[in-house]
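For reference, the chain that follows is the form predicted on its own, supplied as structure tokens.
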Amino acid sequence: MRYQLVVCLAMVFFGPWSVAVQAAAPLSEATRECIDCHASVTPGIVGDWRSGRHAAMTVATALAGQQNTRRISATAIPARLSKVAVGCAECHTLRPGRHADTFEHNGYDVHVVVSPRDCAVCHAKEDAQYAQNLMSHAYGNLHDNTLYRQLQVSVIGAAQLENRVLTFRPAGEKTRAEACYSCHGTRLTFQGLETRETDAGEMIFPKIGGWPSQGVGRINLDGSRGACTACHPRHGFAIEMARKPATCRQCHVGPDVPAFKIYAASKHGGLYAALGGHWDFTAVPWIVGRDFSAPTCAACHVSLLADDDGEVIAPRTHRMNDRLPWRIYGLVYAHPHPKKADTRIIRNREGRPLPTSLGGEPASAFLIGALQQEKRRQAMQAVCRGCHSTSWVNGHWKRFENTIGQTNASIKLSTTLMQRIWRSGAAHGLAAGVNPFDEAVEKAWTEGWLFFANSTRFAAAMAGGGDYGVFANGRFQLSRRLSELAVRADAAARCKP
């Protein structure tokens, strides 16, 4: 009875959150001070944090778990961090000298943007793997590639008419940040300090250019790349959020990367929609057939999978291409994965920053070879065999790789037609040294490899995605674009003096 009275009085004076904190892991004094204010200033942030594992246990407790059940990969943690929950101060005051946005806040050196390098204090292996991932270089791979930047201008640039000719100017920073760089990530910059009026009076805060951003290749203020929060949203960082397809849907929804739509239409997606509410999305390792009965994006590409006996089927990885022999996203063709995550170094036979020539020849010096492709193929097929027979898996992969060859052949033909149109002068592009993506016929060519070939390949990769391989941005649209280009190329040839 006395305990119930104490709890009631605590809820009256401090609210239900304070009671929950007393039952969770011990907090550092600095984090308690943060919570004293932010429980009322930003209650959503505090509530999210309270719901997660960071609030529920100390780092020392997390380290004590068995190797295959841990969510933490570091082997040693600074003593000042190990005996308390991972709270506000444990993340936002780490390595203050490395963060350009560090500022004095109520007696503490605080930085606003928590980076993967901060998370690496506990999640060292994941940070190292992610740094070798195409996603971590997504900003530079787009921004520093002249051809991709021209494609970007033709899509999100500001349109204008000059002498009855439609042209596109580069988009402004705000447009870029909420368009292409929403997924690719922005470059954050420290722009000085500013004074703001708050409920606690005037306070000084940093001004950050490019913020907010949770893009996968964000350039952070400590020089690191990426944002763990792209997949593990702050401040709960729930593993079940990263394992559910809706998280990947943020960027992989198409039509250029239609992975989510095709997954949703596939047999796997149907099983998830019907049965996923009964699956365990928090178990580590993730037991195939017990915790879930059909893969999500994370099961195929990221998660630590095991069988009922605890035998590992696939190790956890944050280097997303570990199980991918092919890069099926057309640039302009599907091709073996790049050797390095920084694709800015790639040059094809023609000296252009593309992974293949315009004729489809791979830039082999920069792409993985047959042995590495086979290693990755086996890694993904091991995931498939967790639920399917060997004959099923082999048959599926033969169809998938046949589709890669088929779509590449169609794109080679469409590119040949586009080159004829350029040579005729009916359109201006690479040879003329101007944007090769912004004229109407160039957009028809671009749609072929950027939308329709991609959709067809993704549908094949996911063992069927409804109609996405045929009439829903698939083979029908690809063949239609080929027909249009053939007509335009013929007309251009007839009109050429």
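Predicted model, so just to flag it, every value in this text is computed and none were measured. All residue numbers are counted from 1 along the displayed sequence.
Another form, the form predicted together with heme C (HEC), is not on view; read the next lines as being about it.
Enquirer: Check for me: heavy atom within 4.5 Å of heme C (HEC) in the predicted bound form, for each of Ala89, Ala298 and Met320, yes or no.
Expert: Contact check passed for all of Ala89, Ala298 and Met320.
Enquirer: Quick check for you: of 423 to 431, 124 to 132, 356 to 364, 158 to 166, which stretch puts a non-hydrogen atom within 4.5 Å of heme C (HEC) in the predicted bound form?
Expert: The contacting stretch here is 124 to 132.
Enquirer: I'd like to know if Glu33 sits close to heme C (HEC) in the predicted bound form, meaning any non-hydrogen atom pair within 4.5 angstroms.
Expert: Result yes; Glu33 sits at the interface with heme C (HEC) in the predicted bound form.
Enquirer: Please determine whether Tyr263 contacts heme C (HEC) in the predicted bound form, using a 4.5 Å cut-off between heavy atoms.
Expert: Taking the distances in the predicted bound form, the answer for Tyr263 is yes, it comes within 4.5 Å of heme C (HEC).
Enquirer: Do Gly464 and heme C (HEC) share at least one heavy atom pair within 4.5 Å in the predicted bound form?
Expert: Flag for Gly464 set to yes.
Enquirer: Phe452 near heme C (HEC) in the predicted bound form, any heavy atom under 4.5 Å?
Expert: Heavy-atom contact with heme C (HEC) at 4.5 Å: absent for Phe452.
Enquirer: Here the chain is shown alone; which of Ile219, Ile72, Ala306, Ala171 has a heavy atom within 4.5 Å of heme C (HEC) in the predicted bound form?
Expert: Selected residue: Ile72.
Enquirer: Just to make sure I understand: among 131 to 145, which residues lie within 4.5 Å of heme C (HEC) in the predicted bound form, judging by heavy atoms?
Expert: Asn133, Leu134, Met135, His137, Ala138, Asn141, Leu142, in sequence order.
Enquirer: Given that the shift is 3 Å or more, do the Cα atoms of Gly465 and Gly395 end up closer or farther apart in the predicted bound form than in this form?
Expert: Result: closer.
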